[in-house]
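Only one chain comes next, encoded as structure tokens, the form predicted on its own.
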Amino acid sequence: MRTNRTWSRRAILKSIAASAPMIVPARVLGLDGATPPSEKIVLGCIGIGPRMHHLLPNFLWFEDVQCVAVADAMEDRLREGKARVDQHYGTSDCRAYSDFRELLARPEIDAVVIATGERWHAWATMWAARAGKDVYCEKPISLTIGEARRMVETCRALGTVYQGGMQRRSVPSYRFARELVRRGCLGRVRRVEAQVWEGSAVPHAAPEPVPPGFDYDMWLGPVAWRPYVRARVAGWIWFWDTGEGIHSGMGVHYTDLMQWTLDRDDTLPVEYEATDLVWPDPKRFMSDLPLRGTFRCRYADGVECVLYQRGTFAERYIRFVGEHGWVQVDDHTDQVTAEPASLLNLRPSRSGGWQNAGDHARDFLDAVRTRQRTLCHPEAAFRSQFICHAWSISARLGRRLVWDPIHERFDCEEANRMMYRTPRSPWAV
């Protein structure tokens, strides 16, 4: 019997509201009026690049947060970050550090927001956890499977509150799509489909002197040292040494939504394959990650996922396909479409796209206070990122991979070795 039609709009709305991140009023915390300094969450920010410029306002907006320090290897970004924080508070108190370890040494800092490149994410998280700080870390949460697993174990051992920066878990449109799936409105889900945009190729360029005000050694951190090339630094996401490309950098949002929506934060697909790959011409380009491709995985129960890397930035989406219909969220416009279209009558009126990470930040801040698990806790973040890492390994080896969840190994020894990289000294934790 098809029961998916029995859910009323009121039931859907009630369920979404119950699962939404809760903003705790000041009066619940025993506060009146402005939050006194002793009750504020003291924050530091590591990596003041483009992503942090979008992320930082989501934290500064909350009255119970006080940002006191920023860290970056680039002097110009550091100055800009300090100026932005100082302007927000109308002071000149924000401290700036080229070495994030100096920021972590400040005992009054409760938590850090990490928005460096992915080469630093897991290692900076572990440094922060060792220093007693809670962590909100942008995605991709790691550069390898091995360092991601170590990050999870470190946070567990030290009781670190951690939020992976997959903020679409906190966006109403994606929550609605998830609720349709979880309520059975689509029937049994058979397939998840998503699309990210085509990658870029970086032309060959000669090494040059490191520019003044840039701590290149700190920027590289745990990855292999190479001569400074401006285009390589600017396009770090297109190089295997420092990134994994768009199928990981953006694709992890969709693998995360798939895991979360299908209630599989504690499991993983068992098969992975990257096909139809188009690579940069090595004679013309020094970048070494696919420009286009199709990335597939399959769970033990037969549910399949396909991620297309193709098209433009504006064409990205995720779609859940079930026995009785489908629901799709367009990432660029935040538009939700569905078949049958009547499913859209169940949608709440609230909107707001992926750019707004305020609810996700609030979920983290509340967990810092309560010591409860965040919406995208370390284990969930690890598994979402694992899928992208497995696709990367499949792409480089040119073969399908089978994952053994019991022994946590692939059916290929070379793939197992690629789960780990030795960090450059002295950055091992």
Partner chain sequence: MKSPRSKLAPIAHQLVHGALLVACALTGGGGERWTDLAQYESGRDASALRAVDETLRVAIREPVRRAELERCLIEALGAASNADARVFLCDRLGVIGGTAAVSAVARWLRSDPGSASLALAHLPFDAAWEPVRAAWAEASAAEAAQWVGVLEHWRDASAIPMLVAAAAGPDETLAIRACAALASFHNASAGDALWACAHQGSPARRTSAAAAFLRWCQARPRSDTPPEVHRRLASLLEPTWPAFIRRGAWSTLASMDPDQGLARAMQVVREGQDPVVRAVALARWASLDRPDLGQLLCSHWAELTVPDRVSLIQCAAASGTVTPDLLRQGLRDEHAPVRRAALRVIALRSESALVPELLELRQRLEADEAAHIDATLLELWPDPRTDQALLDALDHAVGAWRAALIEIVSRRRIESAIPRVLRDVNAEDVQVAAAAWDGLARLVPGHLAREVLDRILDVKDPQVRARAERAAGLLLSRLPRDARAEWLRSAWARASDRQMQQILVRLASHAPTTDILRWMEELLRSGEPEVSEEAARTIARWPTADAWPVLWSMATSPNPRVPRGLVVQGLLHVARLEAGRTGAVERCRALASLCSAPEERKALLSLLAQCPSVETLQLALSWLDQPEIRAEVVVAVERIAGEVRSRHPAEAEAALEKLRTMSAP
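Bear in mind the structure is a predicted one, so any value in this text is a computation, not a measurement. Numbering follows the first chain given and starts at 1.
As for the form predicted in complex with its partner chain, it is not shown, yet the points below apply to it.
- Its partner chain is not drawn, but in the predicted complex it has no heavy atom within 4.5 Å of R51.
- Remark: A341 does not count among the residues lining its partner chain in the predicted complex, judged by a heavy atom distance of 4.5 Å or less.
- Interface membership of G213, defined by any non-hydrogen atom within 4.5 Å of its partner chain in the predicted complex, is ruled out.
- Contact check for G398: a non-hydrogen atom falls within 4.5 Å of its partner chain in the predicted complex.
- For the candidate spot formed by I246, T275 and R310, no residue has a non-hydrogen atom within 4.5 angstroms of its partner chain in the predicted complex.
- Of the candidates T294, S98, T154, Q328, T154 is the one whose heavy atoms come within 4.5 Å of its partner chain in the predicted complex; the others do not.
- Scanning D265, E80, E304, D288 against its partner chain in the predicted complex with a 4.5 Å heavy atom cut-off leaves one residue, D288.
- Only one segment in the set 201-209, 82-90, 315-323, 330-338 has residues whose heavy atoms sit within 4.5 Å of its partner chain in the predicted complex; it is 201-209.
- Residues from 200-231 that approach its partner chain in the predicted complex with a non-hydrogen atom closer than or equal to 4.5 Å are H204, A205, A206, P207, A224, W225, R226, P227, V229, in the order they occur in the chain.
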